[in-house]
Every structure is written in C-alpha cells, then in structure tokens.
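A lone chain, given as structure tokens: the form predicted alone.
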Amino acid sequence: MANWLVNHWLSVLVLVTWLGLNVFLFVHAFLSYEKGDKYYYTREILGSALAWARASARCLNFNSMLILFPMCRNLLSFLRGTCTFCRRTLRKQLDHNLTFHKLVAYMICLHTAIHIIAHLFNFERYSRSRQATDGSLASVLSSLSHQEKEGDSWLNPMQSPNMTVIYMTFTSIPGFTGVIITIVLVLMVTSSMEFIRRSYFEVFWYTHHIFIIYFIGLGIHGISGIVRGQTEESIKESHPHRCAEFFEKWDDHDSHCKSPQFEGNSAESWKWILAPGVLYIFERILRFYRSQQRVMITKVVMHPSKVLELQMIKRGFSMEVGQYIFVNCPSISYLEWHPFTLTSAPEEDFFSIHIRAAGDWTENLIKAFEQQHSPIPRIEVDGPFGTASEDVFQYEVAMLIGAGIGVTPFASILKSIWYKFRHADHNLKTQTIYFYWICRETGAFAWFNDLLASLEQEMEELGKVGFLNFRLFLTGWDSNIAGHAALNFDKATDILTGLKHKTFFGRPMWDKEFSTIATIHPKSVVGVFLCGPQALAKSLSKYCHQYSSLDPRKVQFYFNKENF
C-alpha cells in the first residue's frame, strides 16, 4: 500500500478533490432546497424528493462540464509540451485522461439515476396534489391559477386534474428533453463497453458522437422553470413560517397573509457547459483544419500477418517519440477516425504508421492498398498527440513492453535511439533500455526485424552492448518450431529473428524480470512503458509497486501505459 501511494499520490489527490467537490455540491444544493424558506411551499407538495432531484442536477451539471476536458487532445498535448519542466508525477496525470473521462461518465450515470427517480416521485406528487379535494395546503397550492402567470401565482405545473404523469413527461420541455437525454446517455454508455469497442468500433464511434444531442438537451432542459419557489418580495410580505398555517384565510381583508407569489428557477445547465463547449468546438475546428492539409503517401509496405505500413509526408508536421495520430480514409468512411501510433522517429523526414487488420475499417483499408491497379486511396491525418512514451528519455532505465502490434510506439523510440547514437547525442539521460516484445506468431517479428538488427549491430560497434537489451517472446508455437530452435540453440544468431539475442518461448516471468532489474539498478529510476492489454497492465502495475523502494534514494519503478 505504501509503495502504491508513492507512485499514485497525485492521482489520489485529484480523485479525492473531484469526489469532495461532488459531495460539497450535492450537500449544499440538498440543504438549500430542503431547508430554504424559498422552497417551503414547494416542499409541501413534493417533500424531500425536491432536494434529491435538485442536488443530483447540480452534480450532473458539474460533471457534464468536466467530461469534455479530457477529450480535448490538442489541449492535453499543449499542456504536456509546455510542462516539460514539471515533475514526471504531474505530467503523468495527463495520461489518465481517458480514465478520468470514464469516472466522470459513471458519476453522470449515478446522478442521472437519482435525478430520474426523484422526479418520478415529484411528478406523481404533483398529480396527486392536483387531484386532491381535501382542502389541504398541498391541494390549495396546486390549485393556484395558471391563468395568472403575470402574477406568478402558480406552483404546480399540472394545469388540470385530468393531466397525467405520462402526458406531462412527454409534453413539457423538462420531461421530453429528460427522456431524450436519458436515451442518448444509455446508448453512449452501453456502446462504450470493452466488448463493443473492441469488436464493433464503428458502433462505439457513431453512438458516442450523439453526445451533441446530450449537451443540447441539457442546455434547454431547465428553461421552462418548472421547479418554482416563492419570490423574495412575497417572503418578506407573507413569510411561510408565519402564514402557512393560515392558508385558508389568505387574501381575507382582515388577514395579514396574502397568497404567495412564485417564480421559476432560471436555467443553470448552459452556464456550466458553455465554456467547455466552446473549448471543444475550437478543438474540433483545429482538428478539421489540420485534417484538410494534404498528406502525400511516399511508400506502402505489406508486412506478414496482414500488417500495412504507410510512410507519409505532410507540410509542417512535427512529432516526438511515441506520439499518435488519427487517420481517416474518405473512400471508406467520411466520419470515422482511428488512432495509430507513429512508428517513425522525429529525426526522419517522413512519418509512418503500421496498421494491423483488426476490424471492418482496417480490413477495408488494407484491401484498398492491396489493389495494384487502383489509385492509392486518399488519407487524412490529424495530430500528432502526446502520450506517456514521450517521457521515456527522462528515465535512467526504461522497460519498453509491447504486445503484438503494441510494439509500434517503441519502434519510434528505438529508431530515435539509433539516430541519437549515430549523431553522438550527449544529452541522452537514459543509460539502459530493456525491450520486451511479446508475439503470438513468428511472422510478427518481421515487422521491425531490420530495425532491431541495425540497432544490435550499432550497439556492438559502439561498445554499448549493455545499453539495449532485447527480450523477444513467442507465445504461439508448435513442436516443429520448438524442436528446430533447440537443435540450433548453439548458433550465434537466433533462427527466428536472425538476432544475437535469442527468442524465448512462452510468456515473461515478470516477477523474475523486475527482481533482476531492481538488483542490477539498485539506485535508479526505472520507467516501465506498456502498449498492450489491460490484464498485462494490471500485472505490471502490481510489480512496479512491489519492487519500488520506499526510500526515494533507491530503485523506483514508474508505470506508464498508452491510452488512446
């Protein structure tokens, strides 16, 4: 637990602050509506359900304001670029943008449920008190005339005893927009499930973009002022604590109490979402502008295991190691944009990506480039955007861990290392790199085999053999491959990759790997970078905590994961 706090204290602080603000806003709004004199008569009809509805609405507005900020990728990249002097702990928070986005979404769902349930009670009590003929205070308040709107006399939005809850729900602005918002939210949340995103990315992409309807509905949800409270002038003239018990004598000539006057609450939601909405619009405008800039494809390479490599150039394009771009192919879909990590180095005069067939869009893209007698499809590019891998050269020791096509950000890093050694870059802080590549099939190693061979040779010529350590693991093999490897184990080079570093069969024993590195580098700061599945991320994060020393002068493991 102590090691976990050492690595995540700032994340905990941010989370606690966010939760604290939610609690504060909820409690403050709840007490205002539950205890405030302004809503004394409203509570006579609705009871505590009024406070529950309004408190949850306040938190809904707050979290709806926050949910767009983590999606402003240009803003995050700008902050990361301008915060190079910040401590790595502070910069790491920017890499948790998707996690925070999901947490805020869960909070919105929670308060939406509370808000809906509370208003179901409210509508039912509005209906019941409107139909009541018992002469109670609630029935008197509900029967205040709607015809005298200029005098703000009405309190119950149900205009007649015959109006039903269902009719009120679908004909009033709050009711109808509430139904639309709820449907949109359900669609976005269900389509965001891991299974849907992995298997049917297009469904996730399209349904997630109906968030526009959500924000429009939220902005106009409260404009009719259906929740009403007593006006300040009316409270001064006829305070509810003094006049409520004499409601039968309101407006009598000899009574000091007059019928209360009410006013609707002004719409609040638009005030919360205006600033992030404008910021996000500028974000999208910038993305659109950049995406319209011409991209020239200079080279197309088909690798084994259905992996397509595209090398491109674009005017004004500038990148850092480990960054990613969004790619669109209008001939396949005008609207779909997919993220891909850059596999080129900043030192190169082009930028490249590797695309593996993993869905309808990527399969169609690969087929389009495989057609030899057809013109090359037009590609649009937006980015680049920053990731955790940008910080790799800030660590003395780095563990780069790629699973399958997850090797792509580290290809960029390894290429950059090759250039740095070629140009004798003395500013390189990193002293040792451990590169782990876990593949299911042998053909995958061919994607970057030439790069690994060049690096291996370069390190040997410069006498830096210990600087770059390859750990290649093959998890899918048959007896023929294993037998062939065993017979040729004594050869200088590996039979699968041609490298001097041998390929391991099976999965890494991470406990042993971390223990070895902690022993070799007892006083170093080790950056652990992963591009791979969530299950592996949990395992690596656990070992980072386990092998990090509480003494800041000794070995520290910092876990970083690619998030798109």
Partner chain sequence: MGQIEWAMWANEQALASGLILITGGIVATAGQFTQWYFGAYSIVAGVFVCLLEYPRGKRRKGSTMERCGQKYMTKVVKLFGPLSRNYYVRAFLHLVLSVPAGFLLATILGTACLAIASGIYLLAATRGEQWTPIESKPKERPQVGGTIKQPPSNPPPRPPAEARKKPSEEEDEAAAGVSSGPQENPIPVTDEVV
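Positions refer to the first chain, counted from 1. Owing to the predicted nature of the structure, the values given are computational and were not obtained by experimental measurement.
Heads up, the form predicted in complex with the partner chain isn't pictured, but that's what we're talking about next.
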With the partner left out here, check for me: in the predicted complex, does some heavy atom of Phe123 sit within 4.5 Å of the partner chain? yes
Give a yes or no for Tyr334: in the predicted complex, does one of its heavy atoms lie within 4.5 Å of a heavy atom belonging to the partner chain? no
Lys249: heavy atom within 4.5 Å of the partner chain in the predicted complex? no
Taking the partner chain as it sits in the predicted complex, is Thr99 in contact with it (heavy atom to heavy atom, 4.5 Å or less)? no
Report the stretch among 369-377, 228-236, 198-206, 103-111 that approaches the partner chain in the predicted complex to within 4.5 Å, counting heavy atoms only. 198-206
For the spot marked by Leu31, Glu283 and Phe288, is every residue within 4.5 Å of the partner chain in the predicted complex through some heavy atom? no
Picking from Met193, Ile212, Val301, Leu279, the single residue whose non-hydrogen atoms come within 4.5 angstroms of the partner chain in the predicted complex is Met193
Just one of Leu428, Ile116, Met296, Ala275 has a heavy atom within 4.5 Å of the partner chain in the predicted complex. Which one? Ile116
